[in-house]
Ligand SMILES: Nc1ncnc2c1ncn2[C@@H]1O[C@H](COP(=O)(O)OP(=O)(O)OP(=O)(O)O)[C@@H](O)[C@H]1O
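There is one chain below, alone, in structure tokens, taken in the form predicted on its own.
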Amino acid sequence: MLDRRLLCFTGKGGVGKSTMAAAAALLAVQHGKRVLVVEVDAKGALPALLGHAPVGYRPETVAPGVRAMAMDTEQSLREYLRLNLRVPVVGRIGPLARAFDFVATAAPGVKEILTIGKILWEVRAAIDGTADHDLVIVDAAATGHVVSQLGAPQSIRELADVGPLRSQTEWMIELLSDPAITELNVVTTPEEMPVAETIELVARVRSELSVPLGSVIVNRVLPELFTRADEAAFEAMRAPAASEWIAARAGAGTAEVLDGARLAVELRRARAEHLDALRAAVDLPLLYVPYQFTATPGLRMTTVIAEALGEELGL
């Protein structure tokens, strides 16, 4: 994974894709990489997971060896005009931005190309050695939108038969399609809807895109606290005579402890069924990250997850 130049993380909303992107950044730094993390939705969640305040379009250092930026469509358009068309842009773009919005509404992939184009520009700079980073890690769009985002260069190329626009999308498609450069990782949890979306997304990526798939990262995997023999013992303790005897010696709360043990077994068993379905449907490496029993996401939790991810990768 860390030998690539572009790592994208996607998944159903709420499964922890931002957390995995942040953890991968910390892991990469530990192995000598200089990292640029890109937050596509610009909500500030990714910098927070690295213990930093929200960032803007201009990359900022958020942790040792890690810089972060948040995507901004207007800023990306400014940069494209300045670098590719040599158009000086002063102040807000104004009428040009409104015209762009009109075109983007009618033509698929126009807005997305500014996002993925900026990301790939940074990847190319890393390959050329002209950037301050070796690796770009993207907290990409969720499963419902990531295909259109990563497929934007292909969509634009199909619209433009000839000319500079087509030639500019060619190098983007080349970078996105190269398995030595790009890897798309899907984050999920062992639950019904996230697993179903993961299976569907993997199939769509393979049929609609040329982007190489990496791993499926299963987040929030519950530990196996009890064996079936333990389960039988806990159930025996729930019998009236046994529970009265235990309560007389252990005090109040015995019933709640036994309920907790039963719930842990039921949750683990239900999630195991979803993992079985995932293994059967997706022929990609599965990486398992244990459930973190903490109420406060932040750098400490991200560091723990980075260690777990490194163990799964054999690093």
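It should be emphasised that the depicted structure is a prediction, and the values quoted were computed from it without experimental measurement. For every residue, the number given is its place in the sequence shown, counted from 1.
Note that the form predicted together with the ligand isn't included here; everything after this is about it.
Note on the interface: of 283-291, 254-262, 24-32, 64-72, the segment with non-hydrogen atoms within 4.5 angstroms of the ligand in the predicted bound form is 283-291. Using a 4.5 angstroms threshold between heavy atoms, Thr182 stays clear of the ligand in the predicted bound form. Although the partner is absent here, Arg220 lies within 4.5 Å of the ligand in the predicted bound form, judged by heavy atoms. At a distance threshold of 4.5 angstroms between non-hydrogen atoms, Lys43 is in contact with the ligand in the predicted bound form. With a 4.5 Å cutoff on heavy atoms, Leu299 does not count as touching the ligand in the predicted bound form; it lies far away.
Shown here without the ligand, the chain has no residue in 168-191 lying with a heavy atom within 4.5 Å of that partner in the predicted bound form.
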